[in-house]
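Shown next as structure tokens: one chain only, the form predicted alone.
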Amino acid sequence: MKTKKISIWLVVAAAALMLAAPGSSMAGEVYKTALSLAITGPTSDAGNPYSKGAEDYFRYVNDMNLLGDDTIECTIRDDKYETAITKRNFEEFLDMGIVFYLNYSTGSTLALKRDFDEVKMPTLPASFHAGNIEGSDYIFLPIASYSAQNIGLAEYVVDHHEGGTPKVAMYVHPSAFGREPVKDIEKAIEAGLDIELVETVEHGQDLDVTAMIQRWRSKGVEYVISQTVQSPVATMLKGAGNLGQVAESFGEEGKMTFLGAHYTGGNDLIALAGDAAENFYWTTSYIVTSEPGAGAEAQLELAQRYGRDEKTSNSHNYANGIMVAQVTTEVIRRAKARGNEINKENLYQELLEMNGMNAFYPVTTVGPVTYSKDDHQGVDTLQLYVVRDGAFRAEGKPFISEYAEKIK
């Protein structure tokens, strides 16, 4: 890669070298971390690019000597979205001596929550389920929770709907990942969010969504908010398109406007759904490569450096994997700069102090990463995107969900 092609990452590198203690006694050490996730099996369409993002950023850290002579060794294993495999992987990672851990699914994060606390392991999951951090001292969400994302979408509906109370259906993954945020939507409605939740549907294996779309139409559903992954959303959008039910503008009368949270959208959805993805509204805390900016440029350069294909390079889940690797690297860098030993206790402390003037700006997100003892949700800010002419474009400015704060 040409020198000019790595500019944005070198900004981080320069800061690291300036803050690292020269002649540190820890020079040349290897810091072990690990990632267990679904590279194959259910939700692997998200897990696969996620794993590559984390792998590439850690490779970059080592190749560019961002931690001086020290390096990060991240062991990445496929758990096929099976909690039993995740648990076995985690136990073996502990035996390896990891100091920081990256988990994946909602189910395994909830199942291992007590394990993480018992061994006092700072953990960042790929799951943004709000329940992950309830009653846990050691789990930290990378970005705004699924609940904040879904409620934020509902708030956008309320703010831009013309007429009375908007009628909304939810289309969710048949797991805790999909179901749990619905409960928080219901709490937000009780707190005053003015939508009517007409129906919640867990998608199955049946690719014929005609009956579901027609039933929603008969019930007057105007908006559909999805909390799942891209594949079933693409199937739904194609089915709705074939029935002529996709709104061509937000809130078009007599049609349905489709919206979704982080794992439903991104360029992967457009690749799967084609023209049917047009006018799909989507929210996440990550940047996208279809919107020019420093983060998009850095993501594409990293992918090019390590030979990733176009699909991976432009995936928001590739950015997702990069971001958790960035946070891991940053807490190690900060602990080194203080002259502290790199262990799980000191890295945990660095997470707790990542706020205020110590907030972290990774460029892969639309807002800063902040944590504290009482705040385990990294990036609070969300950005709404909408598909226009085959690409996700930013709609409005980044925002923070009002009702997600109210129901805490």
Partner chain sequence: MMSANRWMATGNYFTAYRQEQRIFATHTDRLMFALFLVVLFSWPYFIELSTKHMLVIDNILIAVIAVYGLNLVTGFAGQISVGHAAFMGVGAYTVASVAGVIGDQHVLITHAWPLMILLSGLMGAAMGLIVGLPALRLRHLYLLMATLSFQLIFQWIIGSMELFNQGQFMYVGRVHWFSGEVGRSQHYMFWYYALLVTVVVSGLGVRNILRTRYGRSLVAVRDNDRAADAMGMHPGLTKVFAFGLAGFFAGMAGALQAYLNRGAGFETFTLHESIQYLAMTIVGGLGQLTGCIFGPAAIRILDLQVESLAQWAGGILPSSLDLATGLRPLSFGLVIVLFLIFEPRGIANWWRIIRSYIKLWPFRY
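In this text, all values refer to a predicted model and were calculated from it rather than measured experimentally. Numbering follows the first chain given and starts at 1.
One more form of this protein exists, namely the form predicted together with the partner chain; it is left out here, but the text below deals with it.
Visitor: Counting only heavy atoms and a 4.5 Å cut-off, does the partner chain in the model of the complex sit next to every one of T40, L94 and G107?
Guide: Yes, each of T40, L94 and G107 comes within 4.5 Å of the partner chain in the model of the complex.
Visitor: Among 358-366, 65-73, 40-48, 379-387, which stretch has residues whose heavy atoms lie within 4.5 Å of the partner chain in the model of the complex?
Guide: In the other structure, the partner sits against 40-48.
Visitor: Using a 4.5 Å cut on heavy atoms, which of R217, K80, H161, K238 is close to the partner chain in the model of the complex?
Guide: None of the other options qualify; the answer is K80.
Visitor: I need to confirm a contact call. Of E180, E222, E330, D268, which residue comes within 4.5 Å of the partner chain in the model of the complex, counting heavy atoms only?
Guide: Looking at the other structure, the residue within range turns out to be E180.
Visitor: Hey, in the model of the complex, does R114 get a heavy atom within 4.5 angstroms of the partner chain?
Guide: Yes, R114 lies within 4.5 Å of the partner chain in the model of the complex.
Visitor: Does the partner chain come within 4.5 Å of any heavy atom of K255 in the model of the complex?
Guide: No, no contact at 4.5 Å.
Visitor: Give a yes or no for H129: in the model of the complex, does one of its heavy atoms lie within 4.5 Å of a heavy atom belonging to the partner chain?
Guide: Output for H129 is yes: heavy atoms within 4.5 Å of the partner chain.
Visitor: Just checking whether R305 would be counted as a contact of the partner chain in the model of the complex - the rule being heavy atoms within 4.5 angstroms.
Guide: R305: no contact with the partner chain in the model of the complex.
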